[in-house]
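Next up: just one chain, as structure tokens, the form predicted alone.
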Amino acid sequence: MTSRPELQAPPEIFYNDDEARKYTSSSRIIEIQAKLSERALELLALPNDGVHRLLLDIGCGSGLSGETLTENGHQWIGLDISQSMLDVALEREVEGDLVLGDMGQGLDLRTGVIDGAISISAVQWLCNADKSSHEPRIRLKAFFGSLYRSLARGARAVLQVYPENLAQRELILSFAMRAGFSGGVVVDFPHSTKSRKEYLVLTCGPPSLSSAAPRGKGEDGESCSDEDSSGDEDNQSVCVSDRHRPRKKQKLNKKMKGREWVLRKKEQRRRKGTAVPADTKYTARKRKARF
């Protein structure tokens, strides 16, 4: 997995001037980015009422995803840690407002002003400790906590990620749930190594019928059936209510200790020489609640 960019260098270093221009000039990357952004916008499920929304593009890079948002009639704010990427975005005269910042330090946005958020191939960078001061858990907590606060109540965030393994996927999702989000993971083309894509579809607020994670797409472009998705452990939705289970579950169907057990224990004590009351018809009889 040495080809993964997040394992080679921090994003602000990896995406230098040369890499930023090479990334933006690749027709293949432009096409992939457009498809991922369209799918993220679809999963965002914004109301089709003709009203322009203010969206947040996390890890906006050179503005490729933002162009998709603009084409769909939305205003957007783009956040990225790479100055080189933002410089290319300025040269391309994208229509979004660009912000230089590290999402691992939290989003400096007003509470409840964002109508939806997308992110393409960016959030998994938070799982890497690029500096001695970087702790992935602290950075994930800061990111999801600030994202939750900036979203309007009931708004969605769709984060397309490339987790390195199952543990990394669960780490990201767990901090999203702790921040208060409901939802889960949507997997497109789950049986294809090349085409497989994962999206965290999160709703700001407790789980409801409208916040249930949609189904992923299959090879034919249609939604996967229940039979296809039931065997895929990665396509399971996790609700925020799962975090509020009791620490210790009460034992059910507890076996009662009857008369035979009491008589046997008393006989054992007699053999040890312990003084034990004599056996009567009242031995081991359950006392009533009140006399």
Partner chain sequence: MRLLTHNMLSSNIKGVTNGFPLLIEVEKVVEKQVDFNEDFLRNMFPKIEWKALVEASRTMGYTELPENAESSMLDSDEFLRKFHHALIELHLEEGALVCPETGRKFPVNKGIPNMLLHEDEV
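The structure presented is a predicted model; accordingly, all values stated were derived computationally and were not measured. Positions refer to the first chain, counted from 1.
If you look for the form predicted together with the partner chain, you will not find it shown, but the lines that follow are about it.
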Practice task
Work out which of the listed stretches, 185-193, 93-101, 118-126, 161-169, brings a heavy atom within 4.5 angstroms of the partner chain in the model of the complex.
Solution key: 93-101
Fill in the blank from the handout: Interface check vs the partner chain in the model of the complex: of Gly106, Gly180, Pro214, Pro136, the one with a heavy atom inside 4.5 Å is Gly106
Fill in the blank from the handout: From Ala34, Leu46, Leu54, Val262: within 4.5 Å of the partner chain in the model of the complex by heavy atoms is Leu54
Practice task
Look up in the model of the complex whether Glu71 has a non-hydrogen atom within 4.5 angstroms of the partner chain, and give yes or no.
Solution key: no
Practice task
Although the partner chain is absent from this view, report whether Trp76 comes within 4.5 Å of it in the model of the complex, heavy atoms only.
Solution key: yes
Problem - Contact flag, Leu86 vs the partner chain in the model of the complex, heavy atom cut 4.5 Å - result: yes
Practice task
Please run the contact check for Val201 against the partner chain in the model of the complex: heavy atoms, 4.5 angstroms, yes or no?
Solution key: no
